[in-house]
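Just one chain follows, in the form predicted alone, and it is written as structure tokens.
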Amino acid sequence: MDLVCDVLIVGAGLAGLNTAINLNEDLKIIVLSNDKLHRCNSYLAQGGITTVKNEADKPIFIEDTLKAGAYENDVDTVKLVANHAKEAIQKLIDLGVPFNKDENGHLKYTKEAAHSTNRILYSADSSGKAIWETVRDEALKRKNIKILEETNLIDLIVKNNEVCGGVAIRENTNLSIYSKVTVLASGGIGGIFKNSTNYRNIKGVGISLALKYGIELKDLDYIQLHPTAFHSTCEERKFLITESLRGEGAKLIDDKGNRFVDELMPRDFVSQAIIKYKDEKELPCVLLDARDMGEKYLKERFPKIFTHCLKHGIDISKDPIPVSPCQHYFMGGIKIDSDGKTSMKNLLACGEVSCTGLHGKNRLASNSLLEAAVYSNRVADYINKVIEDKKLSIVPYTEKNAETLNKENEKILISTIKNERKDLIHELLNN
């Protein structure tokens, strides 16, 4: 079966759907989600989305981002995001994202590790869900946007280093989807790890295909661990305990109640400190103590965490939370320019699948949703400017069967990550 569109978008997280709703409404757009629509990392984000509050905050945001990234960030990208942050946030507010406000109707800000000030907008502790659902609802209203759930991209259609669309499998049927422009917004690589906060369907399909076709990649060894995932042996996906909890006063302690690290240092430092302490003391996990905040505040501010822990027999107003680090985010990915263009013609990327250079070696908390918002806006703006000059190419696709392709692509990715991060093989990788 063949489908034809102007723009094919692979991925239905914030980056993919925000690209779709910012494209001209006379364009025919197809969005692919490889699972149920909500099963994306954007939906899972708890803490919030960073903003730059005013001109005075710009240099501080830039320095915080650079410091967290070990100064291996692309400085021009950090400045670009700082300059476009308020615009991206305002678009989300105009769409109706229900960010928390005070009694006077003013936006409330929280703080997370390695931020010098409170600059994170949030919606209780389900911020990603609130943002994603608002953008999703807008996409569903648009008659020019067709969303295909449970549709797996298995390959790109490529001719002379030019992408002409993609091949997907849906209900055991192969679809050749031809497009003038293709956008990869397919997320990170958490699904190839046995300990990850990511949904299991997020297995780096975009990175796999970039490896296959020699599309330029960057910083594949920059894999972030989150310090505080809920420690449980019975959960397939590790439940994240948001950094906002530490930002608002929770302390990391051992089984004797002793603090052993500054909780508000960047994620890589805190993760390393926990792993080292666990190994030295032969502990299965450490504890995050939020008891001083009180039951009323914890229930109101962190309802999702409160409920999840209670299901596991832990009342966080009375008991510390068992936590340990696990894979969380991928700072590397497909190298893109300031408009989201990749090294292959007619192929753009944004979101976690891409590498803008914003994060450097270690992502500053809540900068991921901001990056997705800023760059999806830029990708859409670029496509709107050039789409009239693009021609549709119908190229016959004659590759092998879908099951073989998926397995081969994943093997390539796993092998590459093993070579890049040998320290993560035994602890985290599935294979």
Ligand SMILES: Cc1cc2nc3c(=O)[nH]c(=O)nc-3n(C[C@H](O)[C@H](O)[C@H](O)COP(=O)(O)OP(=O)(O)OC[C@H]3O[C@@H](n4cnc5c(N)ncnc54)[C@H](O)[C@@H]3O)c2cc1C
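Nothing here was measured: the structure is a model prediction, and the numbers come from that model. Each residue number is its position in the shown sequence, starting from 1.
Quick note: we don't show the form predicted together with the ligand, though the next part is all about it.
Relative to the ligand in the model of the complex, residues G47, G187 and I202 are all within 4.5 Å by at least one heavy atom. Think of it this way: in the model of the complex, the ligand has a heavy atom of just one of M331, V286, A82, L240 within 4.5 Å, and the residue is L240. Checked against the ligand in the model of the complex, the residues R39, K67, K58, K28 give one hit for a heavy atom within 4.5 Å, which is R39.
Note on the interface: of 228 to 236, 147 to 155, 103 to 111, 212 to 220, the segment with non-hydrogen atoms within 4.5 angstroms of the ligand in the model of the complex is 147 to 155. Of the heavy atoms in T182, none are within 4.5 Å of the ligand in the model of the complex. Residue contact with the ligand in the model of the complex: A20 places no heavy atom within 4.5 Å of it. At the 4.5 Å threshold, heavy atoms of A380 stay clear of the ligand in the model of the complex, well away from it. Put simply, V374 is far from the ligand in the model of the complex: not one heavy atom of it is within 4.5 Å. Taking a 4.5 Å heavy atom cutoff to the ligand in the model of the complex, none of the residues in 218 to 234 make contact.
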